[in-house]
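Single chain ahead, written as structure tokens, the form predicted alone.
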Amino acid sequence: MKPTDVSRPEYYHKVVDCQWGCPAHTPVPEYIRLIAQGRFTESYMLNRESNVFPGILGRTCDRPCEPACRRVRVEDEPVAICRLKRVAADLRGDVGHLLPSPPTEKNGKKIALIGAGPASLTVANDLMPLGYECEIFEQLSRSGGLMRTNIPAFRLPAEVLDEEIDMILDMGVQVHYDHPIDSLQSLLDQDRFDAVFVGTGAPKGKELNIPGREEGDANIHIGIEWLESVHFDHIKEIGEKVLIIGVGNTAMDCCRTSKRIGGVDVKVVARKGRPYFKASAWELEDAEEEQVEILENHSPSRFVLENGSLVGMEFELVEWEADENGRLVSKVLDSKIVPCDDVILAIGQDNAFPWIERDIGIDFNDWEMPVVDKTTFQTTRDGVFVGGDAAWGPENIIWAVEHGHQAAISIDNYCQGQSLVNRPAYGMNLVSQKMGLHSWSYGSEYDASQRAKMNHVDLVERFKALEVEVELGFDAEQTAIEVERCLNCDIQTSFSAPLCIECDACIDVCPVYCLTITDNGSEEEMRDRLTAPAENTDQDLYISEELPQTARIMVKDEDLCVHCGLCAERCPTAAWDMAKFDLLIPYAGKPTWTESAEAASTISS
């Protein structure tokens, strides 16, 4: 195998599993260390650069970072990354003077943003400081998109949402509320905008067309529309017996909302068993804590009506088996009628683009979705871009934010006449953390504490009003313990082969057997003969240059390493060092790291 090229930012980035797993690549270990030092404002601003909405996401993120967390290599529970983000947001000081501000002189370019959800807001956040004029067209009377209408206030208080959205709008974004776009062609014909971004989400809930659907329509609701109606006070009550069909995160919001506006016997009904649920584990836990019953392996067959009124639903009781192709197929065991007063359908969401004409140069695929380039976010019509749920279907807020960042880069390049395909490069800093030969500028000790449990408002109190936020956040003691659970994965082991004397001290001291000095060979056979077999091929092996004594190589299994730093402490020649990795993320209008390096080189010469 060839020596590992550690000059590539992608190599160390992949080792920081949480940051690699985050669509927006938020530097998780660094913001957790800032929290540990009580530097909440700095932690918040570091978060905001990449994920834009720390307070919102600290309450609602789907947490793709947490399943990736290296802490699960040594115990069951990851670091509470998401909830620590909320700590920084709740305890920060005034950040008004730290926020980006638009220049007095504009650059003459105007951008239309359709929909005021997280993707469009992120585009505005990135482009306004560059001198662009951004206009948002929003069909509702408030901004935020599905963040506002589909996430109940007991999970996301309106004041948190408003505050972080206003940080963007206060840069001078012009918002046209109650202004749906009925024709993209008409908007383009105005010839006022240099580019258009479509961030309209996936606003259409899926139907369940089974017998009795039309007859029972008065008491059968579409989940996302129902949540929106509750938000705007169009619906203030529901029957005592409620069935929620579907088991995604929207279903969890529907069942918990039902409990707050009259639902007593609330059941969530799933076609498959719990391993196949789409809802996040913590969403399920919160619903069950509120005494919501979850029925598994119930396949809807018909709505039951008496005298024209909905009184229940009939379900087939099924079991699932894999066929010869590995696909799950159901086998009906029995049937069952479950009484109900109301049914809420939360079985998925679709995009809806009746307002985009099919003859204006934008191609649509077989699913009636616009064809969008996954790198540039541009449609087949130049100057029209799409992101968030509108691009490829429902995802989550953090994905919408990353789409917004990438679309903003493309829009800026498009307006400046530059290539959209040649994306700005990522860069990195790698700085030794030595404070002495065997001491470091960060706490490297392993803390055996268990994951902190979120404090909740008492059941009786939380049902008094929809606005009562259930999660109280971590207290000071919980925060102090939780931050120490982070393994500092961005503090990288940096190896210098010429300094190695092959004494095996690092191998002897390594608690997870991730180091091996061995002869070179192919990756496949080498993975089997390391000190501990390297079984996870998704994570790379570090391969050193030839060692001076024997021409063997140092091999490190990046999957096993827990960044404890014992190898660097034990090494008598300082061949091992612990160095902090900073990923330099490109954003619209910012010079790439290569351009910055070239400029620095020119100045120094």
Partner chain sequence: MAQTGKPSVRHPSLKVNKLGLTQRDYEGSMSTLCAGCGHDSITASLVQAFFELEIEPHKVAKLSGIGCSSKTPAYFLKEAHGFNSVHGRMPSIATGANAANRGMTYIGVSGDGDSLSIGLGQLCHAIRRNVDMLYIIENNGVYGLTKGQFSASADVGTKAKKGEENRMGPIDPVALALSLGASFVGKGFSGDKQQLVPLIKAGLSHKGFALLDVISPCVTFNDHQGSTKSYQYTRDHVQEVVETDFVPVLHEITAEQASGDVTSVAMHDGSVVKFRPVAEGYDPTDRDGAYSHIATRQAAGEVATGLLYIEKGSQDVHSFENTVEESLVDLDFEELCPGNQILQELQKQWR
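Predicted, not measured: the structure shown is a model, and the values here were computed from it. Residue numbers count along the first chain shown, from 1.
Another form, the form predicted together with its partner chain, is not on view; read the next lines as being about it.
Between 322-330, 438-446, 398-406, 108-116, the stretch whose residues reach within 4.5 angstroms of its partner chain in the model of the complex through a non-hydrogen atom is 438-446. In summary, among the residues L208, M369, V509, L99, the only one with a non-hydrogen atom within 4.5 Å of its partner chain in the model of the complex is V509. Put simply, of M428, V264, A505, A497 only one has a heavy atom within 4.5 Å of its partner chain in the model of the complex, and it is A505. Contact check for H25, G38 and I585: none of the three has a heavy atom within 4.5 Å of its partner chain in the model of the complex. Taking the partner from the other structure, its partner chain in the model of the complex has no heavy atom within 4.5 Å of any heavy atom of R527. At a distance threshold of 4.5 angstroms between non-hydrogen atoms, L34 is out of contact with its partner chain in the model of the complex. Although the partner is absent here, T550 sits close enough that one of its heavy atoms falls within 4.5 Å of its partner chain in the model of the complex.
The closest non-hydrogen atom of P67 lies beyond 4.5 Å of its partner chain in the model of the complex. Contact residues in stretch 556-585 (any heavy atom within 4.5 Å of its partner chain, taken in the model of the complex) are L560, V562, C564, L566, E569, R570, C571, P572.
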